[in-house]
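Take a look at this single chain in structure tokens; it is the form predicted alone.
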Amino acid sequence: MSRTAKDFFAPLAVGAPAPPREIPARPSRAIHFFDPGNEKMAAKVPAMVGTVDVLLGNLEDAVKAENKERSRQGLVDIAKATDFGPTQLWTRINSLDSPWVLDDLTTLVPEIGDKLDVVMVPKVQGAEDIHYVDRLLAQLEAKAGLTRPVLVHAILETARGVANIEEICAASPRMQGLSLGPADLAADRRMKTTRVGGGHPGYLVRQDAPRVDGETQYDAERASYQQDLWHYTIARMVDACAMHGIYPYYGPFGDILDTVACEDQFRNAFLLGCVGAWSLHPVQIQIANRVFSPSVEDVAHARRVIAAMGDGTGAVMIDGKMEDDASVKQCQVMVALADELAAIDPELRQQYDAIRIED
């Protein structure tokens, strides 16, 4: 770090709000993307407030060059006209090498910085990209008189970004999290897949050939098992985020109609430590809300373990399984998440409260 530790939490511009010392654990199971320049999409935004944890006005990919300014102004208009309540408002700005990104920031922060929770930065290559956005945000916040800093979220879309992942996470106190960007990352790595997220039928392991009478039957029918192309990257992202107190997310799942595979991929990410995923269609909001919320059964078990362990030392047997201090820590993560979600989701609160009463 070029800055000393004592200066790390000092504002980067005179009059800017102090950088956060801790990133709040706000529920963000689904980050739902919409094009603010699309009138049909924009009209649906007010009704979606409260049904999704994060609404993200997309200004980058999927917005044609001739529509960039319209989408940017559309996001300003939507933000000013909408009370987002418990729903967070994020935006994905254009890439830092584009001709639109400077106008994105210099327009959005002064106009709607008081409502904008997170700026998502695409194709982040290293800490230098975050340093640039960090300083610029501080200057704009100071000029606009904002009292709350806008947070920054980076998308991993290049091999260099993955290689520099720890530096990116540590680049600024305003770092909120990271998302996997599988399509651009696949292209940058020269991976041989054209899918947007998810697995690939060719990426597999095959059962060993059976032996009959001492001979290996290579032409025998053998089971194969499809593997996850993104396991390494997600696991590395989760570790880097956990180390720096920020949050990892699965990115887009492009096959909207394959809700079964989408749910499987989201659940893999959830089990590995991700806190949410992108939603490209309302049906994926329902999937993400379900997958990234602990099940009633898991919460009930977690509460039993915490209650049985008392001060958290030693070990106990519950339903034939040994539970110890490490188990308690796992269970505390589960219960804390359930409490956070219950505060914003009435249906989940009712379900979790029901098992609390039964306990």
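A quick note: this is a predicted structure, and the numbers were derived from the prediction, not measured. In case it trips you up, residue 1 is the first one in the sequence shown, and so on.
The same protein has a further form, the form predicted together with a small molecule, not shown here; the description that follows concerns it.
Proximity to the small molecule in the model of the complex holds for all of 32, 252 and 282, with the criterion being a heavy atom within 4.5 Å. Residue contact with the small molecule in the model of the complex: residue 141 places no heavy atom within 4.5 Å of it. When contacts are judged by a 4.5 Å heavy atom cut-off, residue 278 counts as touching the small molecule in the model of the complex. Within this chain, residue 306 is remote from the site of the small molecule in the model of the complex, having no heavy atom within 4.5 Å. At a distance threshold of 4.5 angstroms between non-hydrogen atoms, residue 334 is out of contact with the small molecule in the model of the complex. Stretch-level contact check against the small molecule in the model of the complex with heavy atoms at 4.5 Å: of 289 to 297, 320 to 328, 64 to 72, 37 to 45, the positive one is 37 to 45. This chain is displayed alone, yet in the model of the complex one of 146, 183, 89, 96 has a heavy atom within 4.5 Å of the small molecule; that residue is 183.
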